[in-house]
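Taking the form predicted on its own, here's one chain by itself in structure tokens.
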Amino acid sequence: MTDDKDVLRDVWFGRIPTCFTLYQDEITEREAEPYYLLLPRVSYLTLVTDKVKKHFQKVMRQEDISEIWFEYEGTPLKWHYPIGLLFDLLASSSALPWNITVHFKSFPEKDLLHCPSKDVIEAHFMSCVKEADALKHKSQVINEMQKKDHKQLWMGLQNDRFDQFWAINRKLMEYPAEENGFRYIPFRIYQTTTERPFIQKLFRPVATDGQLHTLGDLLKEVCPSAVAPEDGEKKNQVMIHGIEPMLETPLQWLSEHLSYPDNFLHISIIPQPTD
């Protein structure tokens, strides 16, 4: 793995200033003040919002509280998507802080998975890491790890410990010297303009002639509508972690440095904002 540790740190410590407000129809005993939090981009909403939950439960009666869920401008927020992905996809062109509405009733069964405990988040996270390693190394790296290594990955994410997480995760980012990259790149491409949750296909980081594939190559093959024709107007932004990487960036480098902790590149295709 090329050593661009500063990039890894910048990605890990990315934060989104967020204002949580209780939904107006929730029954409270006194007025609920908004709650402000810097949300870590690489984490999951249900993993980092215990304080938000406690804050609003203080002004509510026990019988009015059921499972907490979050919504932004009418869209329920999927807790199993990383926070940074949710923001890039739904709110990247809006002013900060990000305004999220908190609900304790009317759980939207059709839109969201239930999240009864942290164990559910851990199971989802680990299944993504395993899927990514199946693509990268035919599962050899993750299967050679011990249970305590899997736990260290999860605890590193849960407790926001960069060094603890990367001590294990760097093994998942390595590949044999004679190869120029992973077997396949774990990626998912999301668009708000389609009903399909995401696009995910097999795509190699290196072409048959030995050339490194770029982000542009990936998009042209699996999501051509995202790329502007050479003489045409740019209609979309391609975002990872809140930035627009150059389309000439090698996919292998992006996979090593801009993947989320679940080892996937989560790429948002969003309409170009109109000023």
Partner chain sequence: MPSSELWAVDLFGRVFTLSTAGQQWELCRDAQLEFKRVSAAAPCCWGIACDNQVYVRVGASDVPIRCREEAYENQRWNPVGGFCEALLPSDRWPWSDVSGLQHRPLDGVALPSPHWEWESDWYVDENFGGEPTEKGGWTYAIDFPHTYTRDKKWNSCVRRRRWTRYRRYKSRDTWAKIPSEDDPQQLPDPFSDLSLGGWEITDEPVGHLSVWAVSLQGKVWYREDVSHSNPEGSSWSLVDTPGEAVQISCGPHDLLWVSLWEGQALVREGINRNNPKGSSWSVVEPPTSENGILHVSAGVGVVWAVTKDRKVWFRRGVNSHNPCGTSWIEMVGEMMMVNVGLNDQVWGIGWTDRALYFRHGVTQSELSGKTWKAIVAGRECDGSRAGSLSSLLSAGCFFGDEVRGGGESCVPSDSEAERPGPDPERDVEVAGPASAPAELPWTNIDLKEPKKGPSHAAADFPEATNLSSLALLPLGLEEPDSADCHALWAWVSGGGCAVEAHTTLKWFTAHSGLPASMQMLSLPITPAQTAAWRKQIFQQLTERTQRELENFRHYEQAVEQSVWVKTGALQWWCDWKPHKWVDVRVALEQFTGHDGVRDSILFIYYMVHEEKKYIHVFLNEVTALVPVLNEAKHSFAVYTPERTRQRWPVRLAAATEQDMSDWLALLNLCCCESRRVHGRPSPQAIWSVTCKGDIFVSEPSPDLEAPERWLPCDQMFWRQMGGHLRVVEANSRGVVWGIGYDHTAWVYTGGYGGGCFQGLASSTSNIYTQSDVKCVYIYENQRWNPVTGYTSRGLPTDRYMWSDATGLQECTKASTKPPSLQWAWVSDWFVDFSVPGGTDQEGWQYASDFPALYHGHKTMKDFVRRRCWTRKCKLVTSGPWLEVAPIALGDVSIIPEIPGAHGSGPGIALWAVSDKGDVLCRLGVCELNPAGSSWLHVGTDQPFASVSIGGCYQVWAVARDGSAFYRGSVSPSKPAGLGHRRQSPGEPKPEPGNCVSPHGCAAPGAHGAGLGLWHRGGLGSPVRPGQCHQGPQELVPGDGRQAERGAGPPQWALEGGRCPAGDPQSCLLLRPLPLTWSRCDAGFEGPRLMQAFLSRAVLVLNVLKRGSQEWYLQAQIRDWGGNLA
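The shown structure was predicted, so the numbers you read here are calculated from the model rather than taken from an experiment. Residue numbers count along the first chain shown, from 1.
A second form of this protein, the form predicted in complex with its partner chain, is not displayed here; the remarks below concern that form.
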The one residue among 29, 33, 221, 244 placing a heavy atom within 4.5 Å of its partner chain in the predicted complex is 244
| query | in the predicted complex, do 4, 87 and 161 all put a heavy atom within 4.5 Å of its partner chain? | reply | yes
Assert contact_stretch over 152 to 160, 72 to 80, 110 to 118, 126 to 134 against its partner chain in the predicted complex, heavy atom within 4.5 Å, equals 152 to 160
Would residue 249 count as a contact of its partner chain in the predicted complex, using a 4.5 angstroms cut-off between non-hydrogen atoms?
yes
Contact label in the predicted complex: residue 170 to its partner chain, heavy atom within 4.5 Å: yes
Any non-hydrogen atom of residue 225 within 4.5 angstroms of its partner chain in the predicted complex:
no
Note to self: in the predicted complex, is there a heavy atom of its partner chain that lies within 4.5 Å of any heavy atom of residue 166, even though the partner is absent here?
What the structure shows: yes
Of the residues spanning 93 to 124, the ones with some heavy atom within 4.5 Å of its partner chain in the predicted complex are 96, 97
